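This document opens with one chain alone, in C-alpha cells, the form predicted on its own.
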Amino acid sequence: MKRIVTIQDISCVGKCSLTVALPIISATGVEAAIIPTAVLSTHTMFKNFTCKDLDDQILPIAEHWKNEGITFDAFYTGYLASAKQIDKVITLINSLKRDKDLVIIDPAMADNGKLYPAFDENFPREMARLCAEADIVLPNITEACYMTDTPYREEYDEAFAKEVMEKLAAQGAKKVVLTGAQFGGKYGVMLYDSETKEYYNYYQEKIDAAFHGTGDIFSSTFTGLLVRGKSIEESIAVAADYTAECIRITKNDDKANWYGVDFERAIPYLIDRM
C-alpha cells in the first residue's frame, strides 16, 4: 500500500487540516501518516480557541521513523504555524525523501488578498523556500502573488494567472496547480508544468457559497489520488468535483454546521469517481 505523510495542524473541531486529510487520504486507498504541527481546540474562525505548538516534536518524530526504516511515497504539507516549522519541514524532507518520492506543498497562509492573522509579511518569503523543494505546489492566487512579490489583483485575466504561475515555477517547483482561479466567467483549477511548458485547465460552474476548509479537501483528495496512481489531470478533476459536491451538499442542508463542509456525506461520491 502506498503511504503519504501529511504535515499540518490538528483543529479538533472545524473540518480542516488533519481532521480532513486523514479520512480523505484513507478513503482514496492510501495509508495516511501524520505529523501534527500544533493542536487547536477549533479552527481559527472560532473565538477564544486554544493552541498547543508541537514544533519540538517534528524532528524527533522524523528521526524515529528514519531509525525504524519507515518510508513514504509522498510528503504533503498544509498549514505551518511559523518560519521555524518551515525550516524543520525542509530538514525532515531532506532526511527522509527518496529519489522517487513526491513533495506536494499546500502553502496555506492567505486568501482574498490577505495573509492569515498569524503571519507577518516575511512569512511568504519563507514559504517560497519550502515551495522551491516541491514537485507540486498548490497555491490560490493570493498565495501565489505573495510568494512571487506580485501585486495582488482581485480581478485578473488568464494571462495574469499564467504569469504568476510561471514566476512561482521559476523559483523551483516543478508543477504549479492554481486553485480557485476565476476570470472571464470561468472558475476552476489551472496546472502549469514547468518541464513541458504546458498548461491544463479544469473549469466548473461556480457555486455561490464559501466555507472554511475546502482548500484542505481539494489538496488532500488530489494528493491521495495522485499517489494512488491517477494522472495529475484526473486527480485535479476528481478533487475539484468532489470539493464542489461537498459544498453543494452543505449549502443545500439548512441544518449544516457553519464552520465547515459535510465532506463525510460526499465520500461515497469520491469512491464512485475513483
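One rule holds for the numbers: they count along the sequence shown, beginning at 1. The shown structure was predicted, so the numbers you read here are calculated from the model rather than taken from an experiment.
FYI, the form predicted together with a small molecule isn't displayed, but the following is about it.
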{"item": "Any non-hydrogen atom of residue 227 within 4.5 angstroms of the small molecule in the predicted bound form", "value": "no"}
{"item": "4.5 angstroms heavy atom contact with the small molecule in the predicted bound form for residue 116", "value": "yes"}
{"item": "Interface membership of residue 16, the small molecule in the predicted bound form, 4.5 Å heavy atom rule", "value": "yes"}
{"item": "Interface membership of residue 79, the small molecule in the predicted bound form, 4.5 Å heavy atom rule", "value": "yes"}
{"item": "Single option in 45, 209, 33, 70 placed near the small molecule in the predicted bound form, where near means a heavy atom within 4.5 Å", "value": "45"}
{"item": "Stretch from 231 to 239, 57 to 65, 201 to 209, 37 to 45 whose residues place a heavy atom within 4.5 Å of the small molecule in the predicted bound form", "value": "37 to 45"}
